[in-house]
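Next comes just one chain, in structure tokens: the form predicted alone.
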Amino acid sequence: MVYRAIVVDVDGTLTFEDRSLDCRAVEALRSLEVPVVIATGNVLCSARTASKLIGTGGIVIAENGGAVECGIVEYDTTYKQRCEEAFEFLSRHLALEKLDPENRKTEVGLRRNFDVEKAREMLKAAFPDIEIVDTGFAVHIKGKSINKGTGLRRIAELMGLESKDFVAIGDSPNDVEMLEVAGFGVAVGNAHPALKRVADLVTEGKHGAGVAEAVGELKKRREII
């Protein structure tokens, strides 16, 4: 199969652990003729900035699938109020610090300075429709039915494609659904074990080196141009 687009995570995939951009990935992505979509748990304005810096076409998935942009901007705010209620519930017992509250429209982002497992256990009974995802860079309180996979399906629709037309590349548990709905999934070498389990290819290279390795391998197979 020849894939018609790539969707790629940012933090930990296109960047190093200190969040500096790995130019090996940038060079590989810029060599492609197919569209490159940026997918991130970060807010839309940050996703747009990353897209410009990397040199992709401005098509993005943000807030773990809650926000998408492809000519038009769409937000799925279904769970926003529930996420805020979950935040208030947890805040009675834990010291939590929001990230980008003025820009985050579909979920609640938190700094990673609290016991995430304790928070998960606290939410199970009171908020069964809400989950907590730890990406290694931030913690997200989000609706269970919104994720990068649902975001990819919507972006594919806006592009006139199917999600199976995409190669998906990531490193974190919040990339699992994205790899599952894509036609081909790649976990870079530093990826979480949960992502490696669902990937079609696990690269030896970490971060941007893994992205470059995957692009090179798919070009070699003539499965992407």
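Small disclaimer: the values here were computed from a predicted structure and weren't measured. Residue numbers run from 1 along the displayed sequence.
Form predicted together with another copy of the chain: not shown, discussed below.
Proximity of 15, 27 and 52 to another copy of the chain in the predicted bound form is complete: all three residues have a non-hydrogen atom within 4.5 angstroms. Another copy of the chain in the predicted bound form is not approached by residue 196, whose heavy atoms all lie more than 4.5 angstroms from it.
Using a 4.5 angstroms limit between non-hydrogen atoms, residue 77 is distant from another copy of the chain in the predicted bound form. Contact check for residue 105: a heavy atom falls within 4.5 Å of another copy of the chain in the predicted bound form. Using a 4.5 angstroms threshold between heavy atoms, residue 21 counts as touching another copy of the chain in the predicted bound form. Just one of 85, 100, 131, 134 comes within 4.5 Å of another copy of the chain in the predicted bound form, counting any heavy atom, and that one is 100.
In short, of 185-193, 172-180, 155-163, 52-60 it is 52-60 that has heavy atoms within 4.5 Å of another copy of the chain in the predicted bound form.
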